[in-house]
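Take a look at this single chain in structure tokens; it is the form predicted on its own.
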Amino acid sequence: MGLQGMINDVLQQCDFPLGEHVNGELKKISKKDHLSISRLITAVENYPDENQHWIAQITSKAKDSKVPVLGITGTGGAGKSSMIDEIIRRYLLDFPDKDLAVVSVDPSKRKTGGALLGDRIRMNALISPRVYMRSLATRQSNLALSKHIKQAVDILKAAEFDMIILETSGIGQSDTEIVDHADMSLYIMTPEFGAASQLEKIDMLDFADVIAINKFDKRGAQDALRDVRKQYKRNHELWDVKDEDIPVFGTIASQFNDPGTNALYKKIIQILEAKTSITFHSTVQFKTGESEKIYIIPPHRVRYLSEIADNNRKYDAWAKEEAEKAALLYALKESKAHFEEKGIAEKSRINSTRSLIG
């Protein structure tokens, strides 16, 4: 068969849908068995028609559930996965007795039909046993969510997680699907959205409960924060609200204990409590404030290692130049001594010859 033939054979034998018979898994859902929950979600994806009998039970149970759902969406590359990881980390620290589930949707490529499902690469907090994480593919290239996302969320509600985070794939300017599946929505963007007029085209600025301008250490971040706050005011007609009270936050998700991310997390908990009538009883006081890049190396010394290397190279060049000068001087000195010695000997020989003649 050869190596490629063996690879193809393994893939062919493994390429079959799962989730056809999962009735036994329903008994374990209340125990929050992660494997059983995963199998049920897979069954919804692969055999939705064959499993209608228990899907209806799950849907009925989910209607009475008060589990809050936080929807997170934003442009591709804005840092959604990193932000979710920071929110999870703060949630676990804030509520030692609570758990949560995360559903991340990645886009399927139109050309190949495949999806990377790489969100968990960015999430380090998933290692906690109190966190369940499931990745889904859109299975359609023109949508930000999977068509089975409602059933997946219903399953997690039926499992009675304390909170659910739903993340869409990277979207453009007009996708607002997330608001139909979440109690509150967070829109994540970057300062690099272009001209201020571009903000008029972003639908999520009309619907998002909270907006995060991530990567706030980028150039022009303060201008972006001002422009987005103004646009949010116009969209929601909040003319008399102070800028600092507008739910738009500058964040640096890649920075440990970022004050802007702390303020964003606190606002998320406040809005979830207001919208769902659930009291979370927050126990940790996070330091809040405006995001500012914390430099391990001061900006004016960012190149200090390069400066050391440059200084060493300059010293080496100077030492080599001085060594060449010294070598040349030594050679001239030796040459002079040689000729002087030879001249003295020649003069002595001539004087001896003259004395013999005389």
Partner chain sequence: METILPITAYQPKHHIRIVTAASLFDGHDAAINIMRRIMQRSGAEIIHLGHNRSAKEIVDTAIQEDAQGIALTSYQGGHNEYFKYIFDMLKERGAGHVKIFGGGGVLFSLKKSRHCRIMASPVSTLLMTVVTWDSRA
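This is a predicted model, so every value here is computed, not measured. Rigid core here is just the name for the largest C-alpha set that superposes within 1.5 Å across the two forms. Numbering follows the first chain given and starts at 1.
Omitted here: the form predicted in complex with its partner chain. The next part is about that form.
Enquirer: Report whether all of Leu305, Lys320 and Ala326 sit within 4.5 Å of its partner chain in the predicted complex, measuring from non-hydrogen atoms.
Expert: Judged in the predicted complex, none of Leu305, Lys320 and Ala326 sits within 4.5 Å of its partner chain.
Enquirer: Just to confirm, with a 4.5 Å cut-off on non-hydrogen atoms, which of Phe95, Phe193, Phe286, Tyr132 contacts its partner chain in the predicted complex?
Expert: Going through each option in turn, the one that passes is Tyr132.
Enquirer: In the predicted complex, which of 185-193, 269-277, 108-116, 241-249 comes within 4.5 Å of its partner chain (heavy atoms)?
Expert: Contact criterion met by 108-116 only.
Enquirer: Give a yes or no for Arg139: in the predicted complex, does one of its heavy atoms lie within 4.5 Å of a heavy atom belonging to its partner chain?
Expert: Taking the distances in the predicted complex, the answer for Arg139 is yes, it comes within 4.5 Å of its partner chain.
Enquirer: Answer for Lys61 alone: is it within 4.5 Å of its partner chain in the predicted complex, judged on heavy atom distances?
Expert: Because no heavy atom of Lys61 falls inside 4.5 Å of its partner chain in the predicted complex, the answer is no.
Enquirer: So in the predicted complex, does Ala345 come within 4.5 Å of its partner chain, heavy atom to heavy atom?
Expert: Looking in the predicted complex, residue contacts with its partner chain do not include Ala345, since no heavy atom lies within 4.5 Å.
Enquirer: Using 4.5 Å between non-hydrogen atoms, is Asn46 touching its partner chain in the predicted complex?
Expert: Asn46 belongs to the contact set for its partner chain.
Enquirer: Within 4.5 Å of its partner chain in the predicted complex, counting any non-hydrogen atom, which residues from 35-72 show up?
Expert: Going through 35-72 in order - heavy atoms within 4.5 Å of its partner chain in the predicted complex - the hits are Leu35, Ser38, Arg39, Thr42, Glu45, Asn46, Tyr47.
Enquirer: Quick one: core overlaid, is Lys66 moving 2 Å or more at the Cα between the shown form and the other one?
Expert: The answer is no; the displacement is under 2 Å.
Enquirer: If we fit on the core, is the Cα of Lys32 displaced 2 Å or more between the shown form and the other one?
Expert: It does shift by 2 Å or more.
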